[in-house]
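Alright, here's a single protein chain in two forms, structure 1 and structure 2, each given by itself as structure tokens.
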Structure 1
């Protein structure tokens, strides 16, 4: 038993690490760069600053988000890519730097060019002149299109401009043109086979994944990319509502569906059984967002019956606990109904199937033959032995407290976890979104773990078999 639980825990940890790796990789592919976003927000109303200052500020932001370190403990890059890739605080610049190296094999010139472009952009935005319009447009374009053709077009425009007195800009101009020349010389040499040889680099603990997972385990979820409030407080305030909705509706669903499922398995083949199975099948096929829309259309709008509010949780004007509770309950009737009927349909089918299988077993016949009452046979012998799928279902409650009612929350505008995640996606607040994903995944895994331990309570044989019922 103890060994079984230990083994299960081991699997839990390994699975969690692999899932966290997958979600981390996905989160790094998300569009938008928080560093650029913070820079733009902070720059408002700021006095002109030097390029060094600007870079330092950028570096500081990247550092606070751990984005100035490599993504993982290990990296495999072509030999030509130097270690200093992460001196570029912005993700787009980093990507461009690597691409330039791949096509030209000139790391120093690539870095010089990208740095110079940053300098030019800053300088001409500080001293706008009519002559710079073309240059500015090209700079904006070169950020999206990285190929050499575009770089040459930029070089042509930069070459024409006479900066006259501005010595700083003139110096940058000459060095930029020099870098571009070198780069195109590199490109002219064609494909360089050094690219095919990878270099494996070990970065140690100072990497993005390590900081991310360490902080997650410690419970520090960082700041929201959107409004820079701590993700933790946003999640806490949302969690309450999702938990209320899901716990109430799952309890309701269990209370209604278990007697119905057991009874229809007991009366298998009867009209009652057939009706229950048809109704549960139909409920299961009803899209919850449609039911919710219909509810709002017919029960919550002035056109038809206006019985319930169409969304939200009320004003919260009354401070008295009881009246506030009534107000909230009144607002939650429709959402809870919509979550309940779906769970109901699913659980009835599961309970009925499991009970039906059990009731066909020999020991039930024995129990009946020895003269036990139907009720005793049904609940004590039958129900206890069909608990397996119920435990599996029960383990779904944990993750449901986070992701169980996404659509319903959005439709009824309830500030719960689902709506928080959805708005996070629309606002590209990836830190918030992936924290929620991680929490939901963690709870699913914990639910599975809990279910596995509960299985052994119901059926101790599991923990005794050679491979613990895991494999064959």
Structure 2
């Protein structure tokens, strides 16, 4: 038993690492660049600064987000790509740098061109709006472009501009044109075999994934890309409401559905069984958004009963714990009902099916022949041997305690996890979204592990030691 649990723990760790790698890769491919976003937000009202200070500030933001290091422990790149690719804090600039290297095999000139364009853009942004307006537009067009024809077109426009008294811009203009000529010469040499020669670079612990997973395990989920608040603060403020709704709903669903399912199976074919089956199927078929809307219409509208509030969690005007608890409970009646009825209908069907199969077994007939009471036959022998579907259901329901219900939380204005994740997607707050996905993954794996352990507790005959080669 102990070795079996250790084996399952091993699978838990391996699966968690694999899934975390997949989610990490997706998070790196998410649209937008947090570094550029933070720079744009901080630029409002910023005084003039040099290009060096500008780059230092950008690199500092990237460093705080661990985006100034390679994505993984090792990387395989063409030999022509140097190690200094992460000197560019921006994701788009790194991609641009690599593309220029691939077509020209001139890393130094590619870096010089990107740096010079950044300097020109920064310097002319400090000028009056009407000055160099054409150059500003051309810079916007050429940014992240690796087509040499477009770059030549830009060089022709840049070459005819006279910066007059601005010696700094004149020097950058000369340097930029020289870099473009060198890149053109590199492309004219044709295909270079360095692109076919791979280079394996080992980065050690100083990589994005290592910092990302280490901080996640420590409970440090970083900052929100939307408002720069700690992600764990935003999650915790939403998690408590989702957990309250889902835990109460799950408890109610199990407490109601288990007796109904057991007795429905015991009285299979009776009027009671048919009524329970019909009601459960009807409830399961009703969409939650429609039920929630009907609840608000008939029980929260002044035109009908107006027994409950239509949404929210109350004003929170009282500091008394008991009064606040009563106020919150009053507001959560309708949301809890809408979450409960769907789980209730599904669990009844599962319990009824499992119990019906169990009651057909020979050991149940033997128990009845011994003269045991119906209560003993049902609960001691029948229900105990029908727990497997319930355990499986519980392991699947566990992630829902933090995932929440997007529809219910939005309709009833509950600031829970479902609504938080939905808003995070709309706001492109990918750090928040992928943290919620990681937490849901962790709970899913924990639920599966817990189910495996409970299976062996419910039925000691279950032993997977032979199948896994752990011995007799």
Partner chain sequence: MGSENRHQAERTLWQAVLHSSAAKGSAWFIGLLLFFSIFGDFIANDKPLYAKVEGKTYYPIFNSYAHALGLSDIKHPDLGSDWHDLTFDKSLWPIIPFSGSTLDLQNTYKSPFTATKKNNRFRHLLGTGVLGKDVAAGIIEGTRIALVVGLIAIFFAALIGLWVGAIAGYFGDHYFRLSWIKIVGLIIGLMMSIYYAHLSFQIWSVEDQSIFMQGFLFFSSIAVGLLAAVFIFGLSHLLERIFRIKSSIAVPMDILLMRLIEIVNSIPALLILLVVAGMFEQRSIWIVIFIIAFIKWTGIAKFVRAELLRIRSLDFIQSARATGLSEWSILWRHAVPNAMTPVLITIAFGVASAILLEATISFLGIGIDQEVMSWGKMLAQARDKSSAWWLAIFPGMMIFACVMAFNIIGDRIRQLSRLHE
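Please read all numbers here as calculations on a predicted model, not as lab measurements. Definition used throughout: the rigid core is the maximal C-alpha set that superposes within 1.5 Å between two forms. Positions refer to the first chain, counted from 1.
Displayed copy of the chain that is the form predicted on its own | Structure 2, not 1.
Can a Cα shift of no less than 2 Å be assigned to residue 189 between structure 1 and structure 2, given superposition on the rigid core?
-> Indeed, residue 189 is displaced by 2 Å or more.
Could you check whether the CA atom of residue 257 moves 2 Å or more between structure 1 and structure 2, using the rigid core for the fit?
-> No, because once the rigid core is superposed, the C-alpha of residue 257 moves less than 2 Å between structure 1 and structure 2.
Does the distance between the two CA positions of residue 146 reach 2 Å or more between structure 1 and structure 2, the core being superposed?
-> Yes; residue 146 is a residue whose C-alpha shifts (by 2 Å or more) between structure 1 and structure 2 when the cores are overlaid.
How many angstrom apart are the two C-alpha positions of residue 105 between structure 1 and structure 2, if you fit on the rigid core?
-> On core superposition, this C-alpha lies 2.5 Å from its counterpart.
Upon rigid core superposition, what is the positional shift of the Cα of residue 302 between structure 1 and structure 2, expressed in Å to one decimal?
-> Residue 302 is displaced by 4.3 Å at its C-alpha.
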